[in-house]
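Shown below, as structure tokens, is a lone chain in the form predicted on its own; questions about how it binds or moves come after it.
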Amino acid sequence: MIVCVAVVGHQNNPLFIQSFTEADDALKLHHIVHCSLDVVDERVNNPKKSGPMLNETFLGLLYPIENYKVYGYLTNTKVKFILVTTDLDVKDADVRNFFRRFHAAYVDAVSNPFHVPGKKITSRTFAERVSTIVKSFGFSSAG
């Protein structure tokens, strides 16, 4: 089950965070997303140690903690996408597919002429599209 998705700007500023659990967990999930940025930076700055090439946008499993697994994705503009899931046996292909669709939704949202680059994404359409993408995935029963 996907419990949280986030879009983080190239200066590590949160652009969009949406959690799909009770309000009690939201702060914890925000903390997990924030902590994952260090892992993303480490992988981007030390590509030899971590595996993926610099032109590879899918960063894979960043780290597992407690009952969660955290995955990362990096766009060409250095915007980071973070996915937090409670499924401990997710296939990389499913996560890649999720990030592809999430990236497409993000591109549509920031292509809006009224969106200011680098500012929070406040589009209700984007939030609804993200919820639809999350619900459509087999490893998700979020609602």
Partner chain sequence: MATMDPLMTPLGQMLLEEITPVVMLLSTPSVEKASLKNGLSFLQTLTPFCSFNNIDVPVRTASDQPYRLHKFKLRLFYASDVRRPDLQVAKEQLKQVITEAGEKEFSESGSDLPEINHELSSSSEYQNTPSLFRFLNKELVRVASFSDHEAFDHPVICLLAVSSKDEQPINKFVDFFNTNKLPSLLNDGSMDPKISKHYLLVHDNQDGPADSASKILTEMRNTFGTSDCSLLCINSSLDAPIKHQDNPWASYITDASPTPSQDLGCFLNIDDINEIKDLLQNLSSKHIIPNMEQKIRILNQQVSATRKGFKNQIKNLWWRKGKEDGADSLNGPTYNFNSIESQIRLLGDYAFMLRDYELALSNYRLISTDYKIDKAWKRYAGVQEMMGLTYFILDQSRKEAEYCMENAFNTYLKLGSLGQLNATRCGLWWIEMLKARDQYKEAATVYFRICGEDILHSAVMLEQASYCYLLSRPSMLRKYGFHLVLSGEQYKKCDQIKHAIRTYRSALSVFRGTSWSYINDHVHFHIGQWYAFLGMYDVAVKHMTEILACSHQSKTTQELFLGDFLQIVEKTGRTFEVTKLQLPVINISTLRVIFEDNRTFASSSATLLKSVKHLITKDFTWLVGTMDHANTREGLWHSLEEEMLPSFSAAKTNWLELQSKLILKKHSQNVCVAGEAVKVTIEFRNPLQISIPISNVTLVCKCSSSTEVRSNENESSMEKNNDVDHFMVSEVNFLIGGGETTMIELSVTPREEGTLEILGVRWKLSGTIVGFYNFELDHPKKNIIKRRKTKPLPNEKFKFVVIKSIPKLQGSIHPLPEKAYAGDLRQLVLELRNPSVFPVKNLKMKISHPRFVIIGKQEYMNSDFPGCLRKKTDSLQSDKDANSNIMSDTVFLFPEGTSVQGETPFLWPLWFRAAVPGDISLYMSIYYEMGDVSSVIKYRTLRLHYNVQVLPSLDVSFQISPFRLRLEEFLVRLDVVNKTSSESFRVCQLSSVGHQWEISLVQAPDTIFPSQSLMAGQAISCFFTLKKSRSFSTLENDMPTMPVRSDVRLVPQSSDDLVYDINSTPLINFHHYERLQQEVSFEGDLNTVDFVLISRPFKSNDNPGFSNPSFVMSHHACHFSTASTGPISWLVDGPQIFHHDFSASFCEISMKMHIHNSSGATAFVRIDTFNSAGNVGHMNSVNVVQSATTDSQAGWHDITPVNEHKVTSNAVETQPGKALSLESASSYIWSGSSSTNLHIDAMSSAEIPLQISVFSPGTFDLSNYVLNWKLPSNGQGDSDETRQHSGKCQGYKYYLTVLQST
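Positions refer to the first chain, counted from 1. Just so it is clear, the structure is predicted and the values come from calculations on it, not from any experiment.
Only in words, not in the display: the form predicted together with its partner chain, which the text now covers.
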Next item on the list: Mark L61 yes when one of its heavy atoms lies within 4.5 Å of a heavy atom of its partner chain in the predicted complex, and no otherwise.
Entry: no
Next item on the list: Find out whether any non-hydrogen atom of V33 is located within 4.5 angstroms of its partner chain in the predicted complex, and reply yes or no.
Entry: yes
Note to self: Please tell me whether any heavy atom belonging to K135 falls inside 4.5 Å of a heavy atom of its partner chain, as the geometry stands in the predicted complex.
What the structure shows: no
Item checked: Any non-hydrogen atom of V44 within 4.5 angstroms of its partner chain in the predicted complex -> no
Notebook entry, point to check: Of the options V79, V90, L37, A105, which one has a non-hydrogen atom that comes within 4.5 Å of its partner chain in the predicted complex?
Noted result: L37
Item checked: Residues within 4.5 Å of its partner chain in the predicted complex, restricted to 1-21 and counted by heavy atom -> V8, N12, N13, P14, I17
